Structures are given as structure tokens and as C-alpha cells.
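Quick setup: one chain, the form predicted alone, written in C-alpha cells, and binding and motion questions come after.
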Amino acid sequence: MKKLIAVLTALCLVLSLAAAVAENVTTIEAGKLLYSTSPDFPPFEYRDDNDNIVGIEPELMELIAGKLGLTAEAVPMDFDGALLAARVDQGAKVDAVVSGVTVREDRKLIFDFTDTYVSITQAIVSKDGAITEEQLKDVNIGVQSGTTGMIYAEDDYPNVTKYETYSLAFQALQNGQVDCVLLDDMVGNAYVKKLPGLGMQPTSYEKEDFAFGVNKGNTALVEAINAALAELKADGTVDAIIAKYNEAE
């Protein structure tokens, strides 16, 4: 009973904080929480059979925006464009980039990140999952432009081809134009489930934390999102959404 009371008290405090910080939130378009995203990144964001943008992050953003009295609206584009669209120094067109963005020190210079909500590692997808990390130096690697997979591959290996989207990278893999794709493990798993004949191998790269990259200097919005996210973590909603889309894909 004491434990239950403590949990309920904590949730009440989170709700109070969310309400308090939400009052001070300003967004690019009144009443909306606009976010850029690259919707070929299952299970995080992708298009369903009706061309709707769905996935872990769109569902989280809808819930978070609702708690702040806002309407979440996804603005689809390629990943490089999604990062650019949320940069204040480039005339930000959206309030945040929400597209499986890894928290990195260089990105902290251009975004204010929310709290982390999930962690991933890099993986290798190839035909039958035959290519291991030890073989990457001798094969052609496909990556999505702007991703940490691209950064790691270009730093460590000689033969790297960049694509605007993962859809194009996997098309190249299936056509034999590249031998493998280096990408986040949860995304790799989704493509392996969707495309026949593919398999996945782990890598030794360090764990990466995903968060939402908010316009630099919009502290009130970061605090508001964090308060809402904390509530969704505390009541198990975040874990449930992640599990739901992992199973779906």
C-alpha cells in the first residue's frame, strides 16, 4: 500500500509539473506541435497501408502534445532535411526533429534534447545475415545520409554509399548494389521481418540514446515534453508502445 501511495504521489507531482510548464510553452504555430520526421524508419516512424505516418514516435508525440494542450503534426521529409528543419540557425520550420535521433555532443550544439526514451545499437543487415562486423572493411556498405550509421561507416571503412532514405538503401541491397546496410538494430529488425532473404548481425558499437531534438533555446518546450514523457514512462505507456510496434513489425 505504501509503495502504491508513493507511486501515485509521484504521478501527481509529474502531472502538476506538466501543467505548470505547459502554460509557458510557445511553438512555431499556435496550438500545434510541429515535428519533422523521415517516415521510412520502422518501427519508429513509417507509413501504413493508408499512407498515414505511424510508429513509436508519432504515437508518443500525439500523447505528449495532448498533455500540453497541443495537436501534434508530423512534417515528412528525408532525414537530413528533418534535422535541418528543426535548426534555429537555419530558420526552423518545425518545433522539433522526431526521427530516431541519437543524442550526440555535436548535435547538442544545434538542438536542445529531451530526456532519452529508448536506447539502441548499430547492426548489420545483409542477405541471409552473412556479413559480420569483421568483414565490413572488405564489402560495400549502404547507409542513410546523416545517421550515426553513416558517421561510423565513413570513419571506419573505405566503401560506403549514402542514400537519402533507408528504403533506397534496402533497394540497393536487394539489387546487389551494396552488400549490407549499417543501421540501428530495432530498425534493422523491422526490415528483416518485412523483406524476405535478409538477416542481421550485431556490432560492437556503443549503445545510443534516442531523444527528441527541440529548437535550441526553447527551454520551456523541452521541460514540458520531459514532464509529459516522465508520466508516460512512469505508467508504462512508453514501454507498451515500443513493444506494440516491435511486435507489429
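Numbering starts at 1 and follows the sequence shown. Source: prediction; values computed, not measured.
Another form, the form predicted together with arginine (ARG), is not on view; read the next lines as being about it.
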Check: in the predicted complex, which of 84-92, 169-177, 126-134, 145-153 comes within 4.5 Å of arginine (ARG) (heavy atoms)?
Finding: 145-153
Check: Does Phe111 reach arginine (ARG) in the predicted complex if we count a contact as any heavy atom within 4.5 Å?
Finding: no
Margin query: Can you tell me if Ile141 lies within 4.5 angstroms of arginine (ARG) in the predicted complex, counting non-hydrogen atoms only?
Written below: no
Check: Val101 near arginine (ARG) in the predicted complex, any heavy atom under 4.5 Å?
Finding: yes
Notebook entry, point to check: So, in the predicted complex, is Phe41 in contact with arginine (ARG) at a 4.5 angstroms heavy atom limit?
Noted result: yes
Margin query: Need the contact residues for 194-228: heavy atom within 4.5 Å of arginine (ARG) in the predicted complex, sequence order, or none if there are none.
Written below: Glu208, Phe210
